[in-house]
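What follows is one chain in structure tokens, specifically the form predicted on its own.
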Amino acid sequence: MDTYDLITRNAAEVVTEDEVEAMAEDPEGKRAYVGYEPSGVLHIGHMLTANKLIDLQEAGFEVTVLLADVHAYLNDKGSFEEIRETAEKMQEQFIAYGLDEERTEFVYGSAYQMDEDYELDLHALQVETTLNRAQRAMAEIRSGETAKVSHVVYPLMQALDIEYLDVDLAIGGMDQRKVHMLARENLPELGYDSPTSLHTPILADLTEGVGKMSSSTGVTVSMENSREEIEERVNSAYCPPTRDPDPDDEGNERENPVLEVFRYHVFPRFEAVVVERPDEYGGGLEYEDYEALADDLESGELHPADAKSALAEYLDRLIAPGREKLRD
């Protein structure tokens, strides 16, 4: 796999392709970042962007993980003391999950977001940004039903973080796209460059195949789950024998979340996937790429129950090191 393909593997969008192609020509010393609110245990959403950071490290990038304690406070996720305690645990989990400790810098937002220069730039960005524009950017990221002033400031800080962390590439899920577009539009008004960004997909709800897989609804997989809990959640997942499932009762398009997790979590981290089956059902199967597994599921060669069994096994392998950290 060439460097550009590795950088963009499983990306939903890059902004822009020309900018990322230029980075791929000389990736050594380039820096990428993702920001995470320290609001709980690592779950499958964190792991998706972490997989991309692992790809980028393999491509030659240095990686910064922003443990966004100030953002978490603005989003009403607890006191600074509680948030910092969570952040320390998350840092250990990211390394256990597979980030290269020697090439990963962990930064707390409070280490620079209280500085005078940052505050003055934040005020300048507030002047340059309309209320409607800030509200559109915050829509995907706020917690709670009632919008607060802090929620409007939140995406402006995210935009400014890209400059203050001195990174070349901002990584986030598609729910961060509006923030990154705001940064591209408004940071030049402060004399800064428009940042380059890469967006990962949003996985569908595990049990329904629609909407967003969310830790708040209890239908996700996290590092605190035991092997038995992982198996239970995966076995209850929606997995029709087709890549184009029928719409749900309300007409919403469905995805196959089992295939999504194989594609975005398992195959990037393992050279091959082995599906164990008794000889009477055809014996074991081995897949070196996602497409082969998806084709066999659709053709009927691979039964959904066997696919789920294999998925639980490989998810457990990914999660086990972090689960051990939680027990320490």
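Heads up: residue numbers just count along the shown sequence, starting at 1. The shown structure was predicted, so the numbers you read here are calculated from the model rather than taken from an experiment.
Another form, the form predicted together with the RNA, is not on view; read the next lines as being about it.
- For residue 96, no non-hydrogen atom is located within 4.5 Å of the RNA in the predicted bound form, even though that partner is not displayed.
- Of the heavy atoms in residue 237, some are within 4.5 Å of the RNA in the predicted bound form.
- The closest non-hydrogen atom of residue 303 lies within 4.5 Å of the RNA in the predicted bound form.
- Put simply, residue 189 is far from the RNA in the predicted bound form: not one heavy atom of it is within 4.5 Å.
- Site annotation in the predicted bound form: the residue of 88, 224, 208, 253 reaching within 4.5 Å of the RNA with a heavy atom is 208.
- Stretch 228 to 236 is the answer when you ask which of 131 to 139, 167 to 175, 190 to 198, 228 to 236 has residues with heavy atoms within 4.5 Å of the RNA in the predicted bound form.
- Across the proposed site, 249, 281 and 308 without exception bring a heavy atom within 4.5 Å of the RNA in the predicted bound form.
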